[in-house]
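Just one chain follows, in the form predicted alone, and it is written as structure tokens.
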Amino acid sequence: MLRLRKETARTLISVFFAIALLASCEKYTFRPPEVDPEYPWSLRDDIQPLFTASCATCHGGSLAPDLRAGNAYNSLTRGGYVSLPADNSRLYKKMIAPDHTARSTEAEKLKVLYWITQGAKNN
């Protein structure tokens, strides 16, 4: 009976370690969708929804730039937030700054970067 208990304990320990190994974070790493830099990024369809969902709560008129729909383009272009090279623009630099980085995903940041690179059109 003692031998059976030792075997059962060994089996349970082996099962525990197997489960722990299979459940490791590395095995199930989430990979965000790729963002195509050549895609024609649109303010209306791609960028404004991001601003509305993630930014307009704070940047809704009282804090510059005003990122509400209908105001974002003028606020960004007249306020000097979008410029080339895109990775040096005030908007992109702010999005990747430590105080804002958690407010959007890496894919969303890339969309904004590519939109600026393509001329930050009001489309």
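Throughout, we count residues from 1 along the sequence that is shown. Quick caveat: nothing in here was measured; it's all calculated off a predicted structure.
Not pictured, yet referred to below: the form predicted in complex with heme C.
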Considering only heavy atoms, tell me if residue 86 and heme C come within 4.5 Å of each other in the predicted complex. no
Would residue 68 show up as a contact with heme C in the predicted complex if we use heavy atoms at 4.5 Å? no
At 4.5 Å between heavy atoms, is residue 106 in contact with heme C in the predicted complex? no
Quick check on residue 57: any heavy atom within 4.5 Å of heme C in the predicted complex? yes
Within 81-103, the residues having any heavy atom within 4.5 Å of heme C in the predicted complex are 81, 90, 91, 94, 95, 99, 100, 103
